[in-house]
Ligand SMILES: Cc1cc2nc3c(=O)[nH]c(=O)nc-3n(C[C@H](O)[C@H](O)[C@H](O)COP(=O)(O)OP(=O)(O)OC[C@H]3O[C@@H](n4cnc5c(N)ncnc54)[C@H](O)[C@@H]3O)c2cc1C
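One chain comes next, on its own, written out as structure tokens in the form predicted alone.
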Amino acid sequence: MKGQKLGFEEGLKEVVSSGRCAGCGACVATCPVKALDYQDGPVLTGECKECGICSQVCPRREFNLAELEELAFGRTRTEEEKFGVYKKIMVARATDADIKSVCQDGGVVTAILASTLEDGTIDGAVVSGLGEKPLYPVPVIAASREDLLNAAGTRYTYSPNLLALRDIAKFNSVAVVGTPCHIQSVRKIQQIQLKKYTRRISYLVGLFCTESFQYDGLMSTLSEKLGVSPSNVKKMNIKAKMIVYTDSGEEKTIPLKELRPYMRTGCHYCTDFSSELADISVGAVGLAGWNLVIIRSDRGEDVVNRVLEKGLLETKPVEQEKRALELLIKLTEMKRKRGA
């Protein structure tokens, strides 16, 4: 029953055991009695008080898209909005040389975060940073330009970014960057008005995401099939195949079908490709050195406009990159069909 205060055992245990868990970390971060720990998903390690919060913030339970669209945008999507509610769509890239040197594609996300950190709109950004192991993602709240540059790029293995919300009380205003499941969870946090978090969240940047991979499986594939040590990988990218760039300047590729066995189980249940509940959604969809940017909310439009006014983004009309828009629609439909 919607809104019922279920404990972890009654509410989330089945989500985890069935493999539907997104692994986003929202339940662990928001548990008021710290009864949950994260071990590739939530586990009960303390005394559950059956407050129901963990079930209410889970993106895999009682998910009502129309209600969350109303919350985020004040309306639901029209029939023409094939990839969710939006106000504007453009192709853009960062103009900052430092950002361009470390970014995944166009550097738009880093440029937006750096700009709003600099002007005081935010004093932190929830992002995926790097852990001690090569290419291993960890959730962090970046508090400086240097932090953002160090976190730039994509690792393609899952980061439970929302675990970083455990440190949100140290900040006045944060942006949250994440994949569709992260964004869905934050909207559910806003829906049940957990003020400890909602009053500090400034805006949401959603990333396009087809799936993510298990760390050990992806790393072993790099070593065994490509002969590349993860510690020697400079960057990875997906453009219909996995492209691996090494520190020595080599470029190696592997078909995506060879990585499918390592796709995280929870990704099979996701129907959202372009982070349809974010204020701003960003991806590449076949573009090289540029990003496709979907501005969905008034808040997102205000943030992007101020970054544009500073000259920190270069843009061009999406009509000049029709293939990217076609791919966006195609991948949106494919993911909805797969997760249905």
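Since this is a predicted model, take the numbers as computed values, not measurements. Numbering starts at 1 and follows the sequence shown.
Omitted from view is the form predicted together with this ligand, to which the following refers.
Enquirer: Let me know the one among Leu113, Leu204, Ala72, Ile189 whose heavy atoms come within 4.5 Å of this ligand in the predicted complex, would you?
Expert: Among Leu113, Leu204, Ala72, Ile189, a heavy atom within 4.5 Å of this ligand in the predicted complex occurs only for Leu113.
Enquirer: Does any heavy atom of Gly124 come within 4.5 Å of a heavy atom of this ligand in the predicted complex?
Expert: No, Gly124 stays farther than 4.5 Å from this ligand in the predicted complex.
Enquirer: Is there a heavy atom of Val282 lying 4.5 Å or less from a heavy atom of this ligand in the predicted complex?
Expert: Yes.
Enquirer: Although the partner isn't part of this model, could you tell me whether Thr221 comes within 4.5 Å of this ligand in the predicted complex, counting any heavy atom of the residue?
Expert: No.
Enquirer: Just checking whether Leu117 would be counted as a contact of this ligand in the predicted complex - the rule being heavy atoms within 4.5 angstroms.
Expert: No, Leu117 stays farther than 4.5 Å from this ligand in the predicted complex.
Enquirer: Just one of 166 to 174, 73 to 81, 226 to 234, 147 to 155 has residues with a heavy atom within 4.5 Å of this ligand in the predicted complex, so point it out.
Expert: Stretch 147 to 155 is the one.
Enquirer: Which residues, if any, of 203 to 227 lie within 4.5 Å of this ligand in the predicted complex when only heavy atoms count?
Expert: Contacting residues: Leu207, Phe208, Cys209, Thr210, Glu211, Ser212.
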